[in-house]
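Next comes just one chain, in structure tokens: the form predicted on its own.
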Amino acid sequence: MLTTSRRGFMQLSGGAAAALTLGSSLALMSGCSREPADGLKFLSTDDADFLATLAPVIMAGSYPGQLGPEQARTRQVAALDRLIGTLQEHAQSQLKQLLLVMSSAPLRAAMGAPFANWREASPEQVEAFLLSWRDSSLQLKRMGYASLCKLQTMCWYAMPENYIATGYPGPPQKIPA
């Protein structure tokens, strides 16, 4: 049992960093493609599938909004790719490690996610995964949950088509002189 002392925090941080490093190394050795998907700069096809599968569960009733399901998926993944490209290098590397773990079925299952490919996961499985991370006793999982939700919602509600879902009328119009 870890205490809330500085030593306990350091032990937890060291263990979490080791687990992520091991997991991402195993994912790379298992042949997971890290090449960006067509039209993207950061996200691989596996990463795009993972994030696109989370979107309908995180946004619930506002997804796909005025867009069709495929158009919503394409626009959301592209927006996430652009946003991730603006993150600082440290945040990008942490996110890259998380995405590597989520692209490897055995590591994904060990982290409480569905073993099946993300495209095959049901909304109930995705919701159970997200809730287990949100309510986890491990700070690392709770931080992962918060980060994934923030990234998703920032990208989704930044699209003009989705302003209505939040009651935002849009940016101010330029007033003619």
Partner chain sequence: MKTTERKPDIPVVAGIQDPMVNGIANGWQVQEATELNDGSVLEADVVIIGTGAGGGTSAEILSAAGLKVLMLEEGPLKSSNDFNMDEREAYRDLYQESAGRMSKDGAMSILQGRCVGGTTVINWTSSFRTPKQTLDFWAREFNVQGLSQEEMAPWFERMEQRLNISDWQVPANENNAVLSRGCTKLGYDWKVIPRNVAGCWNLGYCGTGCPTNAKQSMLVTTIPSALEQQSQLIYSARAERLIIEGNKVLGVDVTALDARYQPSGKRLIVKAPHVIMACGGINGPALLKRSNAPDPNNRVGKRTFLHPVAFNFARFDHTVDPYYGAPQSIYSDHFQWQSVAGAVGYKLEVPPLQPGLASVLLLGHGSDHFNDIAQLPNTHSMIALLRDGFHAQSQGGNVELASDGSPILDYQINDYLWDGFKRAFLTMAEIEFAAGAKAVRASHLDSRWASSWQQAQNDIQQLEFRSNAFTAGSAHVMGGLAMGEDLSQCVVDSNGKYHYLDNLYVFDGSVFPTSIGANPQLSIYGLVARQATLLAQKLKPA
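None of these values were measured; they are calculated from a predicted model. Residue numbers count along the first chain shown, from 1.
Not pictured, yet referred to below: the form predicted in complex with the partner chain.
- This chain is displayed alone, yet in the predicted bound form one of Leu67, Ala37, Ala110, Leu131 has a heavy atom within 4.5 Å of the partner chain; that residue is Leu131.
- Using a 4.5 angstroms limit between non-hydrogen atoms, Gln139 touches the partner chain in the predicted bound form.
- Of the heavy atoms in Ser62, some are within 4.5 Å of the partner chain in the predicted bound form.
- Taking the partner from the other structure, the partner chain in the predicted bound form has a heavy atom within 4.5 Å of a heavy atom of Arg82.
- The closest heavy atom approach of Arg75 to the partner chain in the predicted bound form falls within 4.5 Å.
- Heavy atoms closer than or equal to 4.5 Å to the partner chain in the predicted bound form belong, across 154-175, to the residues Met154, Tyr157, Ala158, Met159, Pro160, Tyr163, Ile164, Ala165, Thr166, Gly167, Tyr168, Pro169, Gly170, Pro171, Pro172, Gln173, Lys174, Ile175, ordered by sequence position.
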